[in-house]
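A single chain, nothing else alongside it, follows as structure tokens in the form predicted on its own.
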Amino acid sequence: MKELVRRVSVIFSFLLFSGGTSLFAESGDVDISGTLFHHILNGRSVDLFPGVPAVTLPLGISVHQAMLFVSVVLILLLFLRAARNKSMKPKGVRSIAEIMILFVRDDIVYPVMGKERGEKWLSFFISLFVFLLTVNLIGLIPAFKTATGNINVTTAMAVIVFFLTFAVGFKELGVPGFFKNMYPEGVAFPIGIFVVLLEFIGLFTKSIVLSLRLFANMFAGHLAILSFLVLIFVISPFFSLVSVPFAVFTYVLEVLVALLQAFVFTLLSCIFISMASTPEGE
């Protein structure tokens, strides 16, 4: 096991170094910030390997759109393959699928919504968690990009949760009951109206924070990795002895952040939807 870890570290260090070298291979005088953001932000071309010309995606598809399509295909293949396994002892792909399903059910949905209501929402939150986790992790593969590092993608996910919050609240409580649920009992009318206004604004604020948290964490992690590699060319090639280990360490943290952010986004979405459809006092 130690030998395997050592080999993986060496290979990954080489990939990081060679990838970082390709950033500055064209010229010694390069716009560093522009080069960094070129490898993080959305675009229509993919740099597959160092020294290989970039591939332009067809039909006007952007890289982040392609990442979303690839993620959906991988998820479908995973669960279709898992569904074919009828064994009582799950293994392989089915074992991975069951771990994710049980994690979302027992650690997110049921503790927040309860079993009765949670069963109705289980498929949605499983889909949300698996989708976000896949999109987050796929961006850690060389030549791929993280679509959740795009504010448009995270905003779209937050908007879905935002409208679901209103839709479920109106359905379960009715329109008057939804706003009445924000009104605290036993307070003066002016104060109550002010609280309702704050609660209503809070619904928008929660969605904005939901979007920004996911975007900022995924974007910053990739920026940190590339920034460490840039120091090799800004300071000295010998600085790679320091920057490459830091880049590897940041990469490992990014794997944990990918899982954590998928968990946090799903958990908060579950809490927001549950709160909007639960009468006050229950």
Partner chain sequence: MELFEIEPGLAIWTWLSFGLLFFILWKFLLPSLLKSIKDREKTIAGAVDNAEEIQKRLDEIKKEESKIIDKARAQADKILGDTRKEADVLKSRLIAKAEEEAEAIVSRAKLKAAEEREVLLQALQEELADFVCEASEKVTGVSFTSEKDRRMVKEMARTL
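Every value quoted in this text rests on a predicted model; they were computed, and no experiment measured them. Numbering follows the first chain given and starts at 1.
What comes next is about the form predicted in complex with its partner chain, which is not displayed.
- Leu68 belongs to the set of residues with a heavy atom inside 4.5 Å of its partner chain in the predicted complex.
- At a distance threshold of 4.5 angstroms between non-hydrogen atoms, Ser62 is in contact with its partner chain in the predicted complex.
- In the predicted complex, its partner chain sits within 4.5 Å of a heavy atom of Phe219.
- Its partner chain is not drawn, but in the predicted complex it has a heavy atom within 4.5 Å of Leu80.
- Contact with its partner chain in the predicted complex, judged as any non-hydrogen atom within 4.5 angstroms, is confined among 166 to 174, 190 to 198, 124 to 132, 137 to 145 to 124 to 132.
- With contact defined as any non-hydrogen atom lying within 4.5 angstroms of its partner chain in the predicted complex, the contacting residues in 128 to 155 are Leu128, Phe131, Asn150, Ile151, Asn152, Val153, given in sequence order.
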